[in-house]
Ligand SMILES: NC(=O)c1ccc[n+]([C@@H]2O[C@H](COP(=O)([O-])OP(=O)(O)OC[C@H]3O[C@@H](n4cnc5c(N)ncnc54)[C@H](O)[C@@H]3O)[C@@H](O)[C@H]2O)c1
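Consider the single chain below, provided in structure tokens and representing the form predicted alone.
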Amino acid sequence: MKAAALSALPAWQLPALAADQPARAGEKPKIALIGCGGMGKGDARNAARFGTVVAVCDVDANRAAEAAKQNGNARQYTDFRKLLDTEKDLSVVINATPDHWHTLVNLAAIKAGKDVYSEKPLTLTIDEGKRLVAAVKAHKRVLQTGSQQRSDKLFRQACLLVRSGRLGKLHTVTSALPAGLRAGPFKSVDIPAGLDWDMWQGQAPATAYVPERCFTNFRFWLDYSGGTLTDWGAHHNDIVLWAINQTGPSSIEGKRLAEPVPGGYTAPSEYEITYGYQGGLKHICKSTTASTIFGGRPDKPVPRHLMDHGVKFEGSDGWLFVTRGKIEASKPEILGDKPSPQEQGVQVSDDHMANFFDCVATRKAPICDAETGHRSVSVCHLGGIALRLGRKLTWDPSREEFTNDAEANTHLAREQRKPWTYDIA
């Protein structure tokens, strides 16, 4: 391509910068925040330990202004494409948009030569994940998925213990997730001043503005997310894959335990999904709503730690339960001497954002790279498809498709509303 033609392209369509391009000595990375809600502003504060936030972007101009003020009057944008086209010397993009915008923003930033810290769940569909993994490889970018439990010492310890055989023959894993919201119907109201509602909806079907669809509660609508199954499931099911060292299940079967309220939230609020893995391992992913979690009975209360959301591993020699801030086991010796991460092939990180910026400098793969984030949320997406179809499905993790099931394979991608399609990235 001729130089003149190349310079005419917007930044998000330019070839990526060389992966080994050295940073100027002593220069802090320049960072842009895209998505300025509470999580985004928190991520920006965290990242400011390692670089300088020079630009912020949100389709809600009010949120963009708040984030700009927080970050030393950083430059404000309401369209991420304009930001990427204007801010030529950015090194890093933090993507804290709602879930249905993660992939399109990530693809645009990667193709513009930026490294990306992306909030989880990494994708809206399995097709998005496959495209994102390919783009990261093609453009030699660093992408860290914001699944920070990978940088938590207790979750790492649990995975090391399972991998080292401390539980004996592992036969059952249960990931317990908080139940979702079940409410409605909701009424539409006027669009708030400063909010570009059409762009906020992006690839999702256009609807009238309903406050419960936007901001915090967007995750309880299938148009934009997958409920707690993808929100918390992207955390806890990630730990399952890390511990068992597999890329995905071979079978999936799910049942809804509650139906949505007509006109209300559409994502499953209560559910139970059973995954089958190589070697006969059974993985149960279920919402936590009562003392029946992990096999308890209403007339026989379960210990408090078994009611918390988290992950329980069961083997021939005992069980182990881990959640944020707590790890427990059926026998003290299970939590005895800690196995070596090096012997078990487990990467070590005690600071998720620091790990990302270290990899930006070294060009090494971060602890929760694109492939890892994609595979972990794929488990959640597979569960969601099984809940929608209401039957047992067979999955090929290597080919990333359902086996002899054309109907199920149509659920690997979603129709994208124009103009908010892959073409904009």
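For every residue, the number given is its place in the sequence shown, counted from 1. Note that the structure is a prediction, hence the values are computed from the model and not measured.
The form predicted together with the named molecule is left out here; the points below concern that form.
Looking at 65-73, 30-38, 369-377, 387-395, the stretch with residues near the named molecule in the model of the complex, meaning non-hydrogen atoms within 4.5 angstroms, turns out to be 30-38.
The contact with the named molecule in the model of the complex, taken as any heavy atom within 4.5 Å, belongs to T216 out of T207, N245, T216, Q342. Of the residues H283, H236, K120, K286, just one reaches the named molecule in the model of the complex with a heavy atom at 4.5 Å or closer; this is K120. In the model of the complex, the named molecule sits within 4.5 Å of a heavy atom of H102. Although the partner is absent here, D231 lies within 4.5 Å of the named molecule in the model of the complex, judged by heavy atoms. Though the partner is left out of this view, F80 does reach within 4.5 Å of the named molecule in the model of the complex, counting heavy atoms only. Looking at V59, you'd find a heavy atom of it within 4.5 angstroms of the named molecule in the model of the complex. With contact defined as any non-hydrogen atom lying within 4.5 angstroms of the named molecule in the model of the complex, the stretch 162-188 contains no contacting residue.
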